[in-house]
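One chain comes next, on its own, written as structure tokens: the form predicted on its own.
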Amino acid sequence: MSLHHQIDFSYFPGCSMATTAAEANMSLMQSAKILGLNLIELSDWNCCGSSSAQTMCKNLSLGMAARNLSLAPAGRPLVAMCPRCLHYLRHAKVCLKKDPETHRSLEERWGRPINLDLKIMHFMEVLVRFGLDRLKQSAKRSLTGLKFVPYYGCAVFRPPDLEKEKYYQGEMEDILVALGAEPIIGAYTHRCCGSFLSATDPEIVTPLVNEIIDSAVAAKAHCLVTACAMCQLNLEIRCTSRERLPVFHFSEVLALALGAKDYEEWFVRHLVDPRPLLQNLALVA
């Protein structure tokens, strides 16, 4: 990939990035623009089939994910940032490869071909392919001094039919270390945050979230960084621990390092204001 030539990708934002985590989407688009990565949002996309749809009806969930695949034009990869969206889109492709009859049926329903050779990638995978050395060359701010817990949550653990798929374990650290930040070990990086139980059973979620935040505090981290919008939301709204830490979307930290200037629009949406920390580290004015 070149720093001087724009590269096109299809982009599936998903429901959270378009609504409750709009700051993640804004900072992601800023990062991509700076790097010359043209994320072309799928026209008329719908929910990936996660959450209640998957719980209520497997066929409905599959159909919803498959419809999004039918909207992705051939010839360019489909990129997602949300790990749940990434999973459901990849899972739908696997299911349709195993079941040609359902594949044909859904193509007839949506009136479009569903390309089963479509490359579905996480944005961090795109960055690694871009090259960490070139990414470092694009940086305008050094993240030196920022001690972070790379919080992946549990969505990187997949069922057996996706065991050969590439996920992004370790890539968050590789990227942010290349930009000067320091990963903190010893905290809970893959402990489940409670996910959608936050809406139905918050009394279950709060202890889980407190354990995650408390582990980061005990490890002397400044903050947590996550690529999952649902995790970020839960870690902010369900924490009742005495000491709370900022929880960044990965794209926010990336965009800061790349020199984005409109960060105020992102950080005002946080419940735990990250600006005092960033000001102390001279990362923002």
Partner chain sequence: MSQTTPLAKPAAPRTVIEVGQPRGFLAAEVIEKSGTDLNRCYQCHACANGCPFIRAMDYPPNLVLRLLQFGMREEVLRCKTIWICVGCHTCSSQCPMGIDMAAVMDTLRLMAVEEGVAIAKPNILDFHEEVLRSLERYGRAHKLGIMWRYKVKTRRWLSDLDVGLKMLAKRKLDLRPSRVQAQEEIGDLFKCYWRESK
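Positions refer to the first chain, counted from 1. Treat the numbers as computed from the prediction; the structure is a model and nothing was measured.
Keep in mind that the form predicted in complex with the partner chain is missing from the display, and what follows is about it.
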| item | value |
| --- | --- |
| Heavy atom of residue 38 within 4.5 Å of the partner chain in the model of the complex | no |
| Touches the partner chain in the model of the complex: residue 140 (any heavy atom, 4.5 Å) | no |
| Residue 204, heavy atom within 4.5 angstroms of the partner chain in the model of the complex | yes |
| Contact of residue 208 with the partner chain in the model of the complex (heavy atom, 4.5 Å) | yes |
| Partner-facing stretch of 30-38, 216-224, 235-243, 254-262, counted where any non-hydrogen atom is within 4.5 angstroms of the partner chain in the model of the complex | 235-243 |
| Heavy atom distance at most 4.5 Å to the partner chain in the model of the complex, all of 7, 181 and 279 | no |
| The partner chain: the contacting residue among 116, 185, 74, 199 in the model of the complex [heavy atom, 4.5 Å] | 199 |
| Stretch 59-87: residues contacting the partner chain in the model of the complex, 4.5 Å heavy atom cut-off | 59, 60, 63, 64, 67, 84, 87 |
